[in-house]
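Shown here is one chain on its own, the form predicted alone, set out as structure tokens.
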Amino acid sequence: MRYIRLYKVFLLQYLKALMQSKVDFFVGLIAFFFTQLAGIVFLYLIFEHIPNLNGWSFEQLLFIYGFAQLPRGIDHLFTDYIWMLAMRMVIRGEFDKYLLRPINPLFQLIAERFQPDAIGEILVGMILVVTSCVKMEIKIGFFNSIVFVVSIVAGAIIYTAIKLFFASIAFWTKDSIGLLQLVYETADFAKYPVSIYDKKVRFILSYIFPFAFVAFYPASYFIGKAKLLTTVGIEVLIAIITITIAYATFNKGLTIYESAGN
């Protein structure tokens, strides 16, 4: 409860600063929304020439694409500032301030920034999921509604865990932004059915960088192409394992952190 109250304080202060430039805020929000729409246009152009992609219809791809946007958008909304750990905080000694306060350092890092641009990402994801469900006549009952929420939260945790793990490598290498960006961008492959890729790519997306368990596998369950335990069940397990490893790596990095100064 203490950290919830503290997060509200951090959030209100950040929003006050953000609202000093209202035009910049709304332009950024709209621009990010249209960036997401560009991906949908790309899918539409593909299906203009290829009406069926390895057994997947356009509506099914829209559902997977929209489903992938939701956990990524939540991760982007709440934990975007972890990128700064990989980019500059260690090499510039900026991480010092988190060690001087009687608050968990990771909580401070996450609470430093709330990224409202991600609202556009989440909005596009919801529109795609609802639209594709209507077109495919998918009815999500009470039980599956709970499973849906659990899956989205678990997916967001996987995104955050992968980001935190590779950002924490900066404690040893001083910066890890190149590595983090390389790994994080592989998540774009998970917006499409993993079955269309080569076996090596499928293995990487499923078990090395498990982005496929954020979108394709759980989405397959709701479409009716897979079972609950082999999709959302494994997704939750991977979320627990990855966040545990990532947080342990972060804490280990704290023990060897040396202020760089300037």
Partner chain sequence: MIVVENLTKEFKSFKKYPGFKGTVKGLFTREVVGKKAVDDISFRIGEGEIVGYIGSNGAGKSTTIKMMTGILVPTSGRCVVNGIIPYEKRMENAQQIGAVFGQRTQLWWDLPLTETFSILKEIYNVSDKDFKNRMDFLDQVLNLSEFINNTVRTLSLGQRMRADLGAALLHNPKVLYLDEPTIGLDVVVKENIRLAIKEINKEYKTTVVLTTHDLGDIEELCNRIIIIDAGKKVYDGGLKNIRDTHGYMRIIDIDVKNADQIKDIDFNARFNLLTEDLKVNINGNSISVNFNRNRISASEIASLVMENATVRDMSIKDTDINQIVKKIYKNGVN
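The shown structure was predicted, so the numbers you read here are calculated from the model rather than taken from an experiment. Positions refer to the first chain, counted from 1.
Heads up, the form predicted together with the partner chain isn't pictured, but that's what we're talking about next.
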Q: Please name which of the stretches 141 to 149, 128 to 136, 157 to 165, 103 to 111 has residues with heavy atoms lying within 4.5 Å of the partner chain in the model of the complex.
A: 103 to 111
(Q) Within 4.5 Å of the partner chain in the model of the complex - does that hold for a heavy atom of every one of F78, F222 and K227? (A) no
Q | 4.5 Å heavy atom contact, Q13 to the partner chain in the model of the complex | A | yes
Q) Is I245 a contact residue for the partner chain in the model of the complex, using a 4.5 Å heavy atom cut-off? A) no
Q) Do L254 and the partner chain come within 4.5 Å of each other in the model of the complex, heavy atoms counted? A) yes
Q. Quick one: which residues from 1 to 16 get a non-hydrogen atom within 4.5 Å of the partner chain in the model of the complex?
A. R2, Y3, R5, L6, V9, F10, Q13, K16
